[in-house]
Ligand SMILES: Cc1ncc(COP(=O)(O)O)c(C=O)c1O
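First, one chain by itself in structure tokens, the form predicted on its own.
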């Protein structure tokens, strides 16, 4: 008798981390580190399942945070370097940030000058620079840190106001889900445009948005660019991807609750695009589904819809080889980054389980969320 697929009997909705896939991703990152000497950080804004931090810490050098709470999370649960950046830090938060973080990045000369007297020895100070360069594959200006009038980073024409003697790290973050052409373009742009300032720092952090584990990402080209940059400028290099680390490393699993029809068939799921996969709504992202194609690609087209009262709670139109029916499972792939960290309980929608698919095929529910997760927010 054939073995039932692991997902057929699981409770849903569920965010499922695939350990085999994550290990493959980490092996590729370890190779980049070995060949370039660069350090790679986990951006917890994109992925922060702390039960998986021991696995990630086998390869990664620490975490990067967007404020006090993420810095504390990295300090308490990852056990390695903690880097923190914010467009502006609050005075009352800085004492705790200094407890938890060893690398602090400021957004402007004014923030740097204001907080520098509070920072003692043993800390590394960075300045975020707006490089005026971006090559993104999603979201347009919504996710472009170098969009017109961006609040992120010190513009090039203000760098003369910086006390570079107080800065250890030159930091740029300009990409979003970029392939190697974006990463290499950014590296070359920084090398050409900001060379005089690189003489004053020990490290350059090229930020996130490097989709390192995408099949179209040429790691050899990236490694060559990093090595050329390090040799030319005699600096250490950091990368801090989030999605690039866990790309295609897991699933959002849903169940068809009902089949509706209004002009075309609609499968109503127990997962929500609005609550559980926000980039579908915010950025027009199309979440891949195992066994499904574009509309018209297979014989049966369906709208996959969430179960909230929001009219636009729609994953999109997908086609299947066989008709869908109540009780069928839908597996959205590449569903670990920017999903559960942005999830909501809008409309009383239950949060998905946190689950793990182990390498031996064992399925483990790590955490469940009930009514208290909804009530506690209110």
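Residue numbers count along the first chain shown, from 1. None of these values were measured; they are calculated from a predicted model.
Keep in mind that the form predicted in complex with the named molecule is not shown, yet the notes after this line are about it.
**Student:** Run the contact test on 43, 46 and 173 with a 4.5 Å heavy atom cut-off to the named molecule in the predicted bound form and return yes or no.
**Tutor:** So, yes: the whole triplet contacts the named molecule.
**Student:** Among 67-75, 114-122, 253-261, 206-214, mark the stretch whose residues have heavy atoms within 4.5 Å of the named molecule in the predicted bound form.
**Tutor:** Of the stretches listed, the one contacting the partner is 206-214.
**Student:** Looking at 182, 306, 243, 131, which has any heavy atom no more than 4.5 Å from the named molecule in the predicted bound form?
**Tutor:** Of 182, 306, 243, 131, the residue with a heavy atom within 4.5 Å of the named molecule in the predicted bound form is 243.
**Student:** The named molecule isn't shown here, but in the predicted bound form which of 332, 53, 338, 318 has a heavy atom within 4.5 Å of it?
**Tutor:** Spelling it out, the residue with a heavy atom inside the cut-off is 338.
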